[in-house]
Each structure stands twice: as C-alpha cells, then as structure tokens.
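Form predicted alone, single chain, as structure tokens, below.
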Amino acid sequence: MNSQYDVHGVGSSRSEVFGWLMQRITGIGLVLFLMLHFWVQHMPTGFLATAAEYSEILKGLGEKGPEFAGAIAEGKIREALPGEHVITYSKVLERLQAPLWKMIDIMLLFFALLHGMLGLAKVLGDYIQRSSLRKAAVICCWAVTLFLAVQGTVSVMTVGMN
C-alpha cells in the first residue's frame, strides 16, 4: 500500500492528517485539564467551602427572603454534611482571581471546543456528500466554535469584575 493512502484506500490530504493529529493532541490535553479541574473542584482542597462556611452562606440566604427560607426548610437547599466540602460562588471567584487558574480554565475550554469541533467536522464529512453543503456546515460550526471560545474567554476573564 502506498504511504499516501490511508487504511481505507482513500487519499489523505495534509488537512486530514493535521485534523487527525490535532484530535489526538486535544484529546490528551482535554484529559489532563479535566483531571486537574475535577481534582480542584471536587476534592477537599482550599477551593471548596467547608460545611461551616456553607452553613453561614445558607444562614445569609435564609435571611434574604421567605422563598429562600422556605426552600431551606423544605430541604430543597440542604445543609452540608459534616466533613463535606461544597462548591460555592465565592470559592470559585477566589480561585479565579489568580491568572494561572484563569488560564487553566480557558485552556480547558479551548481543548474541549477544538476537540469537539474536529470530531464534528469529521462526522459532517462522513455524512454530507455534497462538497459545497459540507463546507457550509463546517464553516457554520467553526463560527459557532469561535463565538463560544470568545464568549467563554470573556466570561472567565471578567469573573469578579464589578
């Protein structure tokens, strides 16, 4: 078999090889950043509120109005269990004050968007036979991906700004 052909016997272009390679690179990056994200957000680190801190948050919430007090009384908003650590807005805000954590969250966003878009482009290539329609669909998907990347980056960068 000639090296210019892939395993299916169809000629592969440089863009297909690049897409294949980027799918693997973004997949590895996605796994690494997801592991870091889950460790920070779901393990008892300094970035989670303790049960006592969360209890104070609930107390303040209950004082805001009867609908919150009723939701707490009905168990719709429950107290943290002893030893439980809770993700709270204030703790996420505290974490995102550090430029390193902002960059980590933005990289997770970029890897996820790029990995998903590369996979979607491959699926569109498999199912849309007309070249012009396939190009239009891929261009629309890239536009949405770019919009989401910009929107997500702006959201992360402006966290905590008044």
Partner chain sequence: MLAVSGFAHQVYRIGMQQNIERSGPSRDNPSFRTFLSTASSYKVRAGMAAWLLHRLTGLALVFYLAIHIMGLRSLSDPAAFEIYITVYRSPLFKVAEVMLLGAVAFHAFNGLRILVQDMFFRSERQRTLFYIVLALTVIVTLAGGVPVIFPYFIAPLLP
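Numbering follows the first chain given and starts at 1. Note that this is a predicted model, so its numbers are computed, not measured.
Another form exists, predicted in complex with its partner chain; not displayed. Remarks below refer to it.
Problem - The single option of 104, 112, 137, 40 touching its partner chain in the predicted bound form, heavy atom within 4.5 Å - result: Selected option: 112.
Exercise for the section: Would you please decide whether residue 123 lies within 4.5 angstroms of its partner chain in the predicted bound form, comparing each non-hydrogen atom pair? Expected result: Because a heavy atom of residue 123 falls inside 4.5 Å of its partner chain in the predicted bound form, the answer is yes.
Exercise for the section: Indicate whether its partner chain has at least one heavy atom within 4.5 Å of a heavy atom of residue 71 in the predicted bound form. Expected result: Within the cut-off, so yes.
Problem - Non-hydrogen atom contact residue 47 with its partner chain in the predicted bound form at 4.5 angstroms - result: Output for residue 47 is no: heavy atoms all beyond 4.5 Å of its partner chain.
Handout entry: Residue contact check: residue 31 to its partner chain in the predicted bound form, 4.5 Å heavy atom
Key = The answer is yes: residue 31 has a heavy atom within 4.5 Å of its partner chain.
Practice task
Can you tell me which bits of 54 to 71 touch its partner chain in the predicted bound form, meaning any heavy atom within 4.5 Å?
Solution key: In sequence order, 54, 61, 67, 68, 71 come within 4.5 Å of the partner.
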